[in-house]
Structures are given as C-alpha cells and as structure tokens.
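This text opens with one protein chain seen in two forms, each one given by itself as structure tokens under the names structure 1 and structure 2.
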Structure 1
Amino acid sequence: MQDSSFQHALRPLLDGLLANYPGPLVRWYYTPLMLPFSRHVIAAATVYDCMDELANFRFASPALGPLESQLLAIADMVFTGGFSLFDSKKDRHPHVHLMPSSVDREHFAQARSLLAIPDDMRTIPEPRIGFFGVIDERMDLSLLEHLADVHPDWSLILIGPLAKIEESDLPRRANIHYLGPKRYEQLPSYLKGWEVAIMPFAVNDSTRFISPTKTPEYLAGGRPIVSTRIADVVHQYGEREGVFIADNANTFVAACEQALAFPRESRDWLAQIDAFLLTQSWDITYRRMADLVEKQIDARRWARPLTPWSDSYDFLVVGAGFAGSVLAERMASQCNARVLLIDRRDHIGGNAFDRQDAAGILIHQYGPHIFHTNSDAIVEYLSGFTSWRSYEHRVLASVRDQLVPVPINRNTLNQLYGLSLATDAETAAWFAQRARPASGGRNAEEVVVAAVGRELYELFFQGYTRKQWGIKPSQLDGSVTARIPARTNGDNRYFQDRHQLMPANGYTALFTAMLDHPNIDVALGVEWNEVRQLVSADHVIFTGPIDEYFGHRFGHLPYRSLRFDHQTFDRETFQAVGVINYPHSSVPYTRITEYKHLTGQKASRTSISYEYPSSKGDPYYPMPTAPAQAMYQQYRALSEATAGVTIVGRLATYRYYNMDQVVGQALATFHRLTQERVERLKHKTDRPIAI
C-alpha cells in the first residue's frame, strides 16, 4: 500500500468518487495506511477510528507508525475501540474518546429463542463449545488442540474466515469442526447451538490491545464465556458472572468445565446481562460518535470552500501561519502571482489558529495569543482583514498562596510583602537593595537576579522557566526572561505596547479574509515533502522548521513544545483574569488560560486550557541557547546559499518572535523579494512573470 504507484493510482480514483459529492465530507480512517492518497481531501472533520494496534499485527507495514503520527496530527478526534487502546492513545491527541465494542443485543438475544440449529451443525454432538470471528495468528492453536485432546467428548465449533495463516496450520481433530465464514444474520442460530462460547486468543503483542466485539455478543446470546487473559476482556467483563478467565491451556479446560456447569438459563443472570448490555448498544455508541462529528463540522463553519490545486504556480508557500499567509496574500494581491499555500495541519492560521469548541466557546487551539505591537504599519496592514477588540492582557501569578500581578511591579511587592511603596523612586530603591548584578554573562537567571534579587527570581522565574524550557535558567539566553522586565510603577498590564488588540472575530476569521483571493489556492493536511514532487513553482517560501527543510543535515535543532489540556466548565467564569501563571515547580503546568477574557465572548459556560511544557510534540519554541543558535547559523548560511527558496517565520528563522514580529518579517521579506525580482527584470525581460 505504501508503494507510490499505488498511491498515484488510488488518488484519482478517490477524487473521481468525490467529484460530484457536495459535502460536507468527513474523512474517517480505520487505518493510517489510507492517509497518503486521501490527505489532500478537504474535509469538514477527520476521524481516526482506531480499532486495533495494527502495527503489532503479522505482516504489518513499517509505514504504519510514522503514518499514524501524521494522522494523529491532523485528526479532529480519535475513537478507540477499547480500554487498552484508549490508554495507549490518550496522551497522543487532545480528543481521544473511548468507544468500546458495542452490541446489537436484540440480534444476538435470538440465540435464547426458538431459532433452528443450522444444518451443518445439527448433527455435531453436544456439548458444543464455539467461537466466531476471524481465525488468524492471534488464535492460540495449541490451546485449541489441547482442549480437543483432553475432552474428545466435547465438540469444538469454529466459525469465521481464515486470514494470514494457512489451512495446514490448523489443528485437525475429529472433534474440531471448522464451519467456515457465516453471515452476520446467521450467527445467533450458531450461538444457540453452543453451551459455552470461547475466545482462545494467544496472549502476546498482537492481542495486547484487542477488545473483542464478540464478548458482548456471546453474552447477549446468553452464553457463558471462557477467554484467555485479554486485558480488555478482563477489564470490562472479568468480574461478571458467567465470564471465566484462564491463564493457560490447563486452566482453560478447567474454566470450560465450570462454564458448562454454569446455570445459564437462570433468569437473574440473564436479567443482569440485559441490564448491563443496555448501556453498550451500538445505537448509543453511534449517537456519541455522530454528536462529536456534528459538533466538529459545526465548529468548522469558518472554513471557506477550498479550491482544488493545480500543478503549476508562481509561489509555493509552505505553512499557513502568519509568515506564510502574509506572503501568500502580498504576492497574490500586489503582484498578481498564483500561489499555492499548503499546511500539514488541516487548518489555516498556524499556531494562532482559534476555533469554537464543543460548547461554542472560541478557544485558541495552541494556547493564548494576544496581539500587541508598537508598529502602526503592522496594525494598519492587518486591519485590512479584521476589525479589532481592545484588550489589555492581565496576568496573575500564584505565589505563596496569593495571586499577584506579573510582570512584577509596585502592586506585586505591596501585595506580596504587605508594603506601601507609593512612588517609582521608592520601588526602584527597594529593587536596588536586593538586586545582585551579575559578574559574568547575561543568562536568563542573571538578568532577573540583577534586576530584582534572588528571592523574587526564585518565586516568579526559577520554577516557571525550568518547567517551560526543561533546562536550568542559567543555560538560557537572557532575552527569554528579559521579555517581562520588572516595573517600578503600578501598571498591571502584561504588555506595554501602544497597540494591544484582539481580532474582533478571532484569528481564523482574520486568516480566512487574508487568504480569500482568487489567486490563492489553499491545500490543507498536506506535507511539503509530498507536494514538492507534484507541483512546480518558480519559488518556494518555507515557514516550517528550517532543519526539517534541509533534512536535518547539521543535526536536529531543539524545539520546546507544549501539551494543551482544554476543558469546559458549566459556570460563567473560571478565574479573575485571562491567564494565571503557576511558577512553582510542584505544579506540573505553567499557566491556565480562560479564553472569554481575551475574546470578550459572553456565554453561560467557559473554556480554559492548561499548558504542560514538553520536549515532545509540535515544535513551538526555538531554544534560546548558545549551542542551538550555533547550529541554526549553519542552516541559515545554507539557506542563504540556496536558490529558489526563502525561509521565513518563527521556526524557520529560529527566533522567539511574537506574531507582530513575524508579520513584520514577512512584509520585509515581500519587499526584498519584489526588489530582487525588479532588479533581475531590468536585465531580462523576455519572460512574463508575476513580480
């Protein structure tokens, strides 16, 4: 399936199928292997419905692991078919839902009725012990053999298709009957002819995550069950009467003997099972899934219909964040250039992307983004695509059981120490008494200690910085903590820029307007590496991580990531301000954001996010350390020497840039590129080109 000729063949087939379908489309993946030929499809929702750990199966494709990571990156939600799968995926995606195998209870309950025993089983002697399902490498064939040998007086019935193993692998005994595959409608009539239903699975990697649907089906049919120690069976059914778990071939035989003696006609037992299975119906599972998908489609109303892309452009822009979107917009609107803008994520906006969550609250998917700048020109440019809401960001820090303003200012000191400092001069003198100027360099620790002293450094910066960056503050460049210098006045605002704003309808709406140009095609869920073979462009603008662009040839640049835990509460507000910082090292997250403060949205519920710093995950921050900068310089030199590509943006130029700085950098890049083009055209005018 990974063979690229397959992919080339499948993609047009899929496109042909979808060509006349009006949508909205939902991409629903049972396996990541289907991603390569379908990732270009613009969908209103993408679901990864994970029912098995396919990578552990026999003959599994080595591409499964990497493709699964890509699928997890673009999926809106992940459904897991059992508890073990849920456990293994829950930390890999923010929206993993447990959807354990359910059952059509009434269908299988027919096994308790007057159904006729099928002809091919009627003559097989009782007691019959049966299994239905795929017969493959997951079945413990020697256990089956042992069972047949110890009890020649029992008949073992196996129903289902053979997969990945040969007929010749199957144990043959007079009392083992392979009846082949049967239709779903026929299963209850077979179940009816069994005294006991079994799951003789081998316990190994291929069964570690399975959650056999047949378990509730057997029970609905009123049959006691004997199973080997499959984690999900034990977890969900192990304690139920009539379910027997065995650890080896001998105990499996003993468990079957017990199951045969089990009073399966008991009304109490059947009533207990029915009550339990009522909560496990496919109708309930379907409704839960459909609700989640419908909410997602609703939340994606912002998405403008995206044009299918062609194969030749003036510019191919990689990354639909501020850097890529500004350049795409400028090139299209000012130079009449044809632009293809791609992003591996399935949305525009890069890290500034916001969306309505399930409760209808506008949240920032990648943490709080507040627009602040001193540049009139940048505000003016962006005002072409949004109106604004005035917002002055305020942050409190949880320190010594108090919530005090940060950056540290006069109010912080008065509140924390019970002081009554009244002027800038008094406050400056207070700081000066404690400040310990650094003798050596200016690292992130020294910058703070030199300004406010060690105690405040330890209270506000040490733990936070350690958590945020995963290394000692003394190993970080001083510019990191210099972002939030202490103040002598009583200004509680987080930023002091002249413009402090939020886009009135959110960032995604701003990006949507910016990219709404007939010359711009947008393709989402698309990797640069994939598209570079398919599309020709005069020039590439790359806004992703620079080391990735150059195949990590000088090594992997370090990035810091975050995990966001988004939550909604049934109350109007959660905290007093937009962000509360938790600097202490004993708290695993760095801050909590409540979005309604930022967006001004009125609603009876509220949504927040916790930020957990992490070395794994999407790259969000370049590391401001000397070795990382040295490695970046090698990449920068290489990028300058590489024709046909321009590298721009926060990760691409490895700078701890805010949004306004990225917009500024992109605008400057636009002017430089157009100037260069104009210069070249002075010497060569034979070719009509965009700029």
Structure 2
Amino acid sequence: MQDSSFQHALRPLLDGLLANYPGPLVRWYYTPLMLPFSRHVIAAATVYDCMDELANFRFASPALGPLESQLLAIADMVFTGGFSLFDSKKDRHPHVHLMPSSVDREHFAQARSLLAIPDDMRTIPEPRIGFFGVIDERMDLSLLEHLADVHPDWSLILIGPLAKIEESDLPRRANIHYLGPKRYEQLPSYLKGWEVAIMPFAVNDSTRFISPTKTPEYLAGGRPIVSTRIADVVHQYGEREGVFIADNANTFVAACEQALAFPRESRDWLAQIDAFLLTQSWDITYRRMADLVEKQIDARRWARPLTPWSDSYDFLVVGAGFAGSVLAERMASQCNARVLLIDRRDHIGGNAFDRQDAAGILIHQYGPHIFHTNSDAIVEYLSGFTSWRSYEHRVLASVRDQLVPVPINRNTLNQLYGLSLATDAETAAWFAQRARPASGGRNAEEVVVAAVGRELYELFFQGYTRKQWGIKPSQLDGSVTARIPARTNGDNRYFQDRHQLMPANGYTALFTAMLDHPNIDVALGVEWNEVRQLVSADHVIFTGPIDEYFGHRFGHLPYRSLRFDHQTFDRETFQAVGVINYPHSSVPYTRITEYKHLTGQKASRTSISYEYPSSKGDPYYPMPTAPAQAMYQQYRALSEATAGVTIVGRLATYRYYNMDQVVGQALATFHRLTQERVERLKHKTDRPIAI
C-alpha cells in the first residue's frame, strides 16, 4: 500500500471522486495506510476509527506505525472498537472514545424464530457447534482439530471467507464442515441450526486487541458462547450467564460440553440477554459517533475551505498562532487580500489552543496561557474578537515543604524565614545583605545571585532553570531569569501589567472569530512545503522555526520542548492557585496547572496538567545561549536577503515573546507590509484595496 506509484495513482482518483461533492467532508480512516494519498483533502472533521491493532497482523506494512502517529496528530477524534484498544490509545490522543462492538439485535434474534435451516446445513448431524466470521491467522486451528477429534459425534460448522491462510492449512476431519462465505441476511438462519456458538481464537499478538462483533450477535440469536480468553470478551461478557471462557484446548472441550447442557430456551435468560443488548445497539453507537462528528463540524465553521483551495493567493501564511492569525486577519480585512492560512497541527491558535476535555473542563492543551499587557492598543484590537474575564495570576512554589508566593516578594520572605518585614526599604535591605554582585558576565545564575543571593537562587531558580532548559543556568543568557524579578513589596500577583485578562470564551473562540472572514482560507494538518507546491502566493509570511524555512542550511537551531500529562479528578479543586512551581531537581516536572482558576469555570470535577520539559517534541522555547544566537543571526541575514518572505513570531525570530508582544510584532509587520505592497496589489487585481 505504500508503493509510491500506487499512491500517485490513488490521489487523482480520490480528487476526481470529490471534485463535485459539496461537502462538508469528513475524512474517516479505518487504516493509517490511506493517509498518504488523502492527507491533502480539506475536511470539517477527521476521524480515526480504530477497529484493531493492524500492525500486529501477519504481513503488516512496516509503515503502519509511523503513519498511525501521523494520523493521530491530525485526527480530531479517535474511536476504538473495544476496551483493549481504548486503553492502548487513550494516552496518545486527547479525544479517544470507546465504541465497543454493537449489534443489530432484531436481525440476529430471528435465529430464535421458525426460520428454515439452510439446505447446505440441514443434513449435517446434530449437535451442531458453529462459527461465522473471517477464517484467518487469528483462529486456533489446532484447537478446532482437537475439538473435532475428542468429539467426533459433534458437527463443527465454519462459515466465512479465508484470509491470509491457505485452504491447505485448514484441519480436515469428517465432522468439520466448511460452508464458505454467506450473506449477512443469511446468518440468522445458520445460527438457528446451532446448539452452541464458538470463538476459537488463538491468544497472541493478532488477537490482543480484538473485540469480536460476533459475541453480541451470537447472544442476540439466543445461543450460548464458548470463547478462548480474549481480553475484550472477558471484560464485557465474561461474567454473563451463557458465556463460557476457556484457557486451552481441553478446557474448551469441557466448556462446549457445559454450553450444550445450558438451558438456552430459558425465557429468563433470553430476557436478561435482550435487556443487556438494548444498550449495545448499533443505532446508539452511530448516534454517539454522529453527535461527536457534528459537534466537531460546528466547531470548525471557521475552516471554510471544505472544497480545494484556490490556485493563487496574495499571501500564504504559515502558522495559525497569534502571529499568523493576526496578519491573516489584517491583510484580509484591511487590504481585501486573499489569504491562505495553514498549520501542520489540526487546530488553530498555536500553543494558545484550548479545548474542553472529556470532563467538560476548558483546558490549555499546551500549558497555561495568561494574557497580560500594558498596551491599550493591543487590548483594543483583540477586543474585536472576544470579551474578557479579569484574572490576576498567582503562582506558588513548593519550597522546604511550604507553598510560598513567586516571584519572590516580602510575603515570600516572611513566610519562608519567619520574618516580619513591613516595608519596601526593609525588604530591599534584606536582599542587599545577601546579594553577591556578578564578577564576570551576566548569565542566568549571576543575574539572580546578584539580586537575591545564592540561597534563594538555589531554592527557587537553580533546579527549575536546569530542568526547564536542560543545561546549567550559568550557560544561559541572563534574560532567562531577569524576566521574573524579585520584589520588595507584598504584591503576590505574578504579573504587574495594567491589563491582566483571559478571553471570556477561551482562546480558540478568539481565534475562530479572528479568522471568520471570507478572504481567509484555513487548511490544517498540512505541511507548508507541500502546500506551496499546490498553490501560488505573492508573498509568504512564515511564523515557524526559521531554520526549517531555509532547510537547516546552517544547522538545526536548538529549542526546548514540553510534554504535558493532563489528568482529571473527581473533586472540585486540586490546588489553591492556578499554578504551583516545583523548583527542586528531585521532582521531574516543573509545575502543575489547574485550569479552573484561569477560566473561572464552575464544575464538580477539575482538570490539571503536569509539565515536563524535554529536548524532544514541538519547539517551544528558543535556547538563550551565545552559540544559538550566533547561528540565528546567520538565518536572520539570509531571511532579510530573501525576497517574497516575511519572518515573524517567536519561533521565526528566535525570541521568547509573551502573547501581547507577538500580537504587537504582527501588527507592526502588517503596517510595514501594507506600505510596501499596496501599489503592487492595486495593479494586480480589480478588487478594491483599503488601507
């Protein structure tokens, strides 16, 4: 399936099929192998419907694993066909939903009626013990052989196609009858003629994650079941009367003997089965799936290009975070420019993206984002897309078995040391007694020691900074620790900006409103190198890593990444404030965030995230070291000499900016670009352009 010529052949066929389809499109994947020729299709939702662990099957493509990782990265939701699959996927995607095998109860219940037994089975002697389904490497053929040998007086009926095994592999006995594949509507009539239904699966890697649909189908037909110890069968049906689980060939035979003696005509048993299967309806499962997909489509109303993109744009904007989204909005609304905004992730908002988790709590997928600024103009601009909630961020640090305020202030010192400092002057004098002026350069360690002394540096900064950046603080630029100054007053707020706010409905809602413009097309889950080969644009605005744009010509710029462990608890609150820092090196994470403090949401449950710095993963923080800056300057000079591209944003300009600073940079870039390009745009198009 991964042959490149085959993929090239499939893509135009798919495009031709979809060319006249009005949409909205939903990309629904049963296997990751379909991703390479369909990833370019713009859809309102992308679903990974995972029915089995295909990589465990015989002859599985080695591409399955890497492609599944890519599919999980772009899927809006993952459905799993069983409990074992759910457990294996739940930590790999934020929206994994259990959709276990269901049943058309009324269809298979026909096996309890006066249906005629099919001609090709009527003459086979009773008792009949049957199986329907694919006959492949998952079946324990030696178990079947043993069952037939121990009970030559039983007739074993097998219905279904062969797959991945040869006919010569099948055990041949006088009492084993292979009736071949049958149509779905015929299955109840065959089931009627059996006394017992069996699932003789081998217990191995290929069956580790299966959740056989035939289990509820057999029960709906009123037949007792004998199964090998398949995890999902045991989990969902193992305690149910009429279901027998066997661990080996001998116990399988004994279980079949018990099943033959089971009173399958009992009205009480059949009533219990019917009551149970009412909750296992395919109609219910379909409605759950459809509701989730419809909600996703509603949430994606801003992703307007549900048909293929235009061939040409005024601007191709790479990255749907603050920098890219602000520039896309300004160019579209103020210059009447056509803009294609793309992102390799499956959502807008960049690292500010927030979402409701399974508990209904609005969480920040990539860690806490608190908006603060002294700029009235930036607040005024963003207020066009959101209303606000006032929020003053407070952070505590776990130090010496206490939770004390940070940044370090007068309250911190009084609590930590049992002091009674009362004024700014007293606090400043206390700091001055412990400060140790830097003797050489101004690295991150020296900046802190020069301000508050070595003891406080070691308590609050040394371990945290080492964990965050992966190197000694003495190897980092002083700007790293200078961003969080010590204070002489008793202000426990983390920020002191004039405006401290949170978008009332979240950041994703803000971005949704910002990009809701007819001149903006949004494409998600795509790579910019691929897109720029499909469309032409007068100008590229690039907000990703600058070294990536230039193919890492001078080497890979170093970045730090983060890993988040999101958890939900059945309690109203988890901690006293939104964020608690854990500076000590013995704690692997740097901080815990509880999002309800940030959002003001009221709920009986609460969600948190543990934050682990990492050297691997998406780039978050440019490394503030001299060698990294030297390499960046090479890329910067190259970008300034490259026509038709503008580099903007945190990753592109290799600086750690707060959100308001990125917005300010984007607005300034817009004004510069409009002055440079207005005349050219006027000559290029008949559309009116306003500045």
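Reference numbering: structure 1, starting with residue 1. Quick caveat: nothing in here was measured; it's all calculated off a predicted structure. Rigid core here is just the name for the largest C-alpha set that superposes within 1.5 Å across the two forms.
Note: the form predicted together with flavin-adenine dinucleotide is the first of the two, structure 1. Fitting the two forms on the rigid core leaves the C-alpha of residue 326 displaced by under 2 angstroms between the two structures. When the rigid core is held fixed, the Cα atom of residue 45 travels 2 angstroms or more between the two structures. In the core-superposed comparison between the two structures, residue 216 has its Cα shifted by at least 2 Å.
For residue 35, the CA shift between the two structures after superposing the rigid core equals 2.5 Å.
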